[in-house]
Every structure is written in C-alpha cells, then in structure tokens.
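A single chain, nothing else alongside it, follows as structure tokens in the form predicted on its own.
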Amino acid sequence: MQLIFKLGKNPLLSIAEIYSLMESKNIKFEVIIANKQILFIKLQSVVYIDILIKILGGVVEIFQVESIVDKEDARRIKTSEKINIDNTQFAYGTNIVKQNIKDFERKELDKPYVEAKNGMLPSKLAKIMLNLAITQDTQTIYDPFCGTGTILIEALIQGYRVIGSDISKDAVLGTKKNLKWASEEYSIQNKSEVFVNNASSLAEQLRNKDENISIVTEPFLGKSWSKPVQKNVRNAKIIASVDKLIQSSIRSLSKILKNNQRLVIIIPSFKTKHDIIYLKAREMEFGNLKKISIIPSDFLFENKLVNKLDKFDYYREKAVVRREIFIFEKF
C-alpha cells in the first residue's frame, strides 16, 4: 500500500508526527519521497486512511496511490485525482481524504469555556503534540497546564484516559465543563480527572500511579505581547520568571514519568525589534530526561540529510511570542 501525505505549513513537524503515530501503532513503512509538500511512503500493511486523517493534526490530505506516470503522460489524463510528486512524475489514485477544518473550529469556538486573554493553543497543534507524545504503551495523557482542556479533548477523542491540572480554579472548572461537552459532542466516554495543582511542584496524585502516562502541555507563556518586546529591566524580569517556571516544571514532571515515557512541551521565545530572546530552559539538560528526535538520522528531506531534529517551530512569522515544541523521553 502506497500513501502520499500532503503536509501542513510545518512539513518536518508533520513528518515527525507521522513517524511517531506509525511507531505507536507498530505500522512499518519506507519513505519514497519527502519534501516541503508531501511525504510519499510505502507501507507493509493496509491502513484505513479515513481514520488516519482524523487522528493526524499536521496533514492536510491523504492520497492512496494506484499508479505513477511521467509528466508527459499525465497531461493526457483528464482527472483531478492526481498529485505532482517531484516535477517529473504524477501519482494517481481513487481514495483521497481531507482534513476536517470545521471540526477544528468547532472544538475551539463551540466549547463552553474559552479563555482567550492568555492565548489559545490551536486544536491542530494540540493534536500534533499528542501524536508526538504517545508510544505503544501509552494509556493516559496528563496536561499540567490544562487551561481550557484543548490537549485533553484531543486525547479523550482518541480514546485515552486524561488527567489535567492547573493552578487556576477557574481553568479546572472550565476544563471539566469542556471535557463533559466533548464527551457528549463526540459520543465518547469521559475518562477524565482534573484538579488544582502547581506544575512546578510534584503532583503527588500521579507520582505512584501504576499506568503508562505521557505528558503533553503548553505552560504559561507570560503576558500577552502585542508589539515586539522592548529590552528593559521590567520585561527581562517577566521573561526570567517564565524561564524559571518552565525549568522547575520540567524537573517536577520528570519525576512522574517512568522509563521510555515522553514529555512534549512548548518552550516560548520572544521577538524583539532586532532579534529573538530565547529561554535558558531551551538548551538545558534535565537529568535522565533527554531531548529526542522522532525522525531517523538517515532521513532524506528534499534529497538532503537533515540535522538532528529535537525541536520544531510553530508560529506565525510576525508573532511576538513564538512556540518551539520539544520532545523529551525518560531514560
């Protein structure tokens, strides 16, 4: 079985998500072509692409390939069910499924509790991060900065038990409402537990749980900036406090994880007028919690070997607060 994935705006992030998901489902495949537009793979088994497209967040479209023809022959074939794979060849197929954009909008806008003033994690990104975090053994997803429950909703829809916590009582109550809404909206079991907790101190409720937990979270990113950050003492203190919070949270969360379990976390950076301010947490080591690269070291992207990928950008070009996604694994 051959599939072509039409990738989103962050192609390497989309590819990492595909690798992680396939590995978690024990699906073997080989890469034929990988570039900024597509990932073309050959699988050793049959998969249901209508299910795949619902699980993946960074894939716009999945195309099941039936044949490959050169560019000249493609001009004579009148059908829309084809895709340009490398400027010299076209792939043809009869089974094409597309991402449901309206479903993302529904989860962001229709849930009962929304807190826009602290910034909203896009449902699409929440789904990508979830797929980066899961392994074959994952049973439960924990978000220690649950906010409005965006990550937990995506995990609940995929059938995982979910645990959320937040320092804000309002966020905890709101997340509970949103998870109840999601369970009713998608006709799924509400296997959830949400409580008030400070993520920078160890969550004792989870420390001794005998289950396989993956942690997926976007921590507090600091104040909302509408303009590039000015370099002054006040702003330096704000950013330093965010840095300290993220460092202490990662250390605390590492105590919850068992070997081979993952933490997927966003670490922000801040755009100034002339450069970018990065947090110290971005380059730090955290004991036996190591940054990992989901994509193999021999992976060819646009016919070139890519450098080790243990972080991925996800932001608009003009954004002041920029997201970088890091994947940690306990060893």
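Predicted model, so just to flag it, every value in this text is computed and none were measured. Position 1 is the first residue in the sequence shown; the rest follow in order.
Not pictured, yet referred to below: the form predicted together with a small molecule.
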* Asked: Heavy atoms within 4.5 Å of the small molecule in the model of the complex: which of the stretches 137-145, 85-93, 183-191, 250-258 has them?
  -> 137-145
* Triple contact flag Ser168, Asn198 and Pro219 to the small molecule in the model of the complex, non-hydrogen atom at 4.5 angstroms -> yes
* **The unique member of Leu156, Leu245, Leu125, Leu206 whose heavy atoms fall within 4.5 Å of the small molecule in the model of the complex** => Leu245
* Structure fact -> From Ile239, Leu121, Val229, Ile213: within 4.5 Å of the small molecule in the model of the complex by heavy atoms is Leu121
* Asked: Within a 4.5 Å heavy atom cut-off, is Thr150 in contact with the small molecule in the model of the complex?
  -> yes
